[in-house]
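Just the one chain here, laid out as C-alpha cells, in the form predicted on its own.
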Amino acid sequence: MDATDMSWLETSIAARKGAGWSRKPETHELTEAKQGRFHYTIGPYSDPVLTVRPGDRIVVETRDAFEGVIKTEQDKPTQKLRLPFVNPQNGPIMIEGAERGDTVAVLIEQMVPRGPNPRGTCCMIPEFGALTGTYYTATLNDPLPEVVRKVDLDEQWVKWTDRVTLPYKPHIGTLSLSPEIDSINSLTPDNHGGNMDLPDMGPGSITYLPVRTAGARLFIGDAHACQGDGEVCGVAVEYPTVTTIRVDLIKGWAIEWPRLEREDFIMAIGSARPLEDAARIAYRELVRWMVAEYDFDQWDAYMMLSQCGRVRLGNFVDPKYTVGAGILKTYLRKP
C-alpha cells in the first residue's frame, strides 16, 4: 500500500481498539524454512511456529494452493494432487495475551509474487467447481475435463492469454484463528474464518477474527493473484507470495463471525450451505454490528440494508459457501 492508502487506518476499528496499534511494531519473518511443515487443518493441536505481540508485523512466505506440484500445463491434477491435501497453511502464529472473547485484527499490508519468474496456476479438477457434479452434488454425468493454465504475472498484471490481461488484485483466500476444540480442514470456511475466498481480503483490508483458544493460533495461506466473485471453477490464479501482515488484539470485543473493514465500508462474513443461509448469517451479523457499535435501531438497520446493503460472493464451490454483507461507512456516520 502507498502512503495515501495508509492514512485511513488511523481511524479504523483496529486503531481505536487495538492493544498494540500505537506501539512501534517488531517485524518477524516466517520463511518456508522456519515454517517447516505446512498444515491442512486449522485447529488447536498443531505446534506453534511463531509468537508475536499485539501490533507486530509478520512477513510470511506462502505457498500456492497446490504446493507448487503443478508445474506445467501438461500436468494432470488427479496425478499430482491428493485431495484434501491442498491449501497449505502457514502457522499457527500465537498472539500474546489473546484469550477467548477477544478479537484478532489482521491488516494485510502487501502481497508480492514470490520467485524469480512468478507464475500462477489455474486448473479444472474433476468433481470440483460450481458447474459440475461434486461429492456433495452427486450426478451420473462424467466429470469435466482436467485443464491446467499457467499464468505469467507481476505486481501490476495477470496475463491470462495473449488476448486477455487482467489487473493484479491479490487477496488471501484462507485466513483463520483456531476453533476451540475442532480441527477443520483448510478447504472449509466457518465462523473461525477459513477458506472464505473473499476478493476484498487483500492489501488495505483489516479482517477481524474471533478468538476461541489461548494465543489465538493464526493460520494464513491460499494467496490469489486475482479472482472473480464465486471462484466459479473452484480455482483462482493460485500463486506463492511474500505477504506482509500486521496483527493486533482487541480485548473484550467478542464477535461470533469474521468481519472485514476497508477504507470505505465494513462487512460481516457468513459461511454455510445452502448459499442463502450464508447470506442470512452475514446480514444478521451486520445488523447486530450496526446496533451494537453504530447506535442503530435493529429494525431500522434491517430495513435500511434492504436499500443500501452490498453483497460479495466469496466462494460457492467449497464444502461451505461464503458471503460478505457490507455497508458503506458514509451511512454509519452520526449527525
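All residue numbers are counted from 1 along the displayed sequence. The model shown is predicted, which means the values in this text are computed figures rather than measured ones.
Form predicted together with a further copy of the same chain: not shown, discussed below.
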Inset, instruction - Please pick, from 261, 102, 222, 231, the one residue with any non-hydrogen atom lying within 4.5 angstroms of a further copy of the same chain in the predicted complex. - result: 231
Legend entry - Contact assignment for a further copy of the same chain in the predicted complex, among 71, 149, 251, 76, heavy atom within 4.5 Å: 149
Inset, instruction - Evaluate residue 227 for contact with a further copy of the same chain in the predicted complex, applying a 4.5 angstroms cut-off between non-hydrogen atoms, and reply yes or no. - result: yes
Inset, instruction - Classify residue 112 as contacting or not contacting a further copy of the same chain in the predicted complex by the rule of any non-hydrogen atom within 4.5 angstroms, answering yes or no. - result: no
Inset, instruction - Using the partner position in the predicted complex, report whether residue 127 sits within 4.5 Å of a further copy of the same chain, counting heavy atoms only. - result: yes
Inset, instruction - Would you please decide whether residue 55 lies within 4.5 angstroms of a further copy of the same chain in the predicted complex, comparing each non-hydrogen atom pair? - result: no
Legend entry - Whether 45, 160 and 273 all lie within 4.5 angstroms of a further copy of the same chain in the predicted complex by heavy atom: yes
Inset, instruction - Considering a further copy of the same chain in the predicted complex, find the one stretch among 299-307, 47-55, 62-70, 22-30 with heavy atoms no farther than 4.5 Å from it. - result: 299-307
Inset, instruction - Enumerate the residues of 174-210 that have a non-hydrogen atom within 4.5 Å of a further copy of the same chain in the predicted complex, in sequence order, or give none. - result: 180, 181, 182, 183, 184, 185, 190, 191
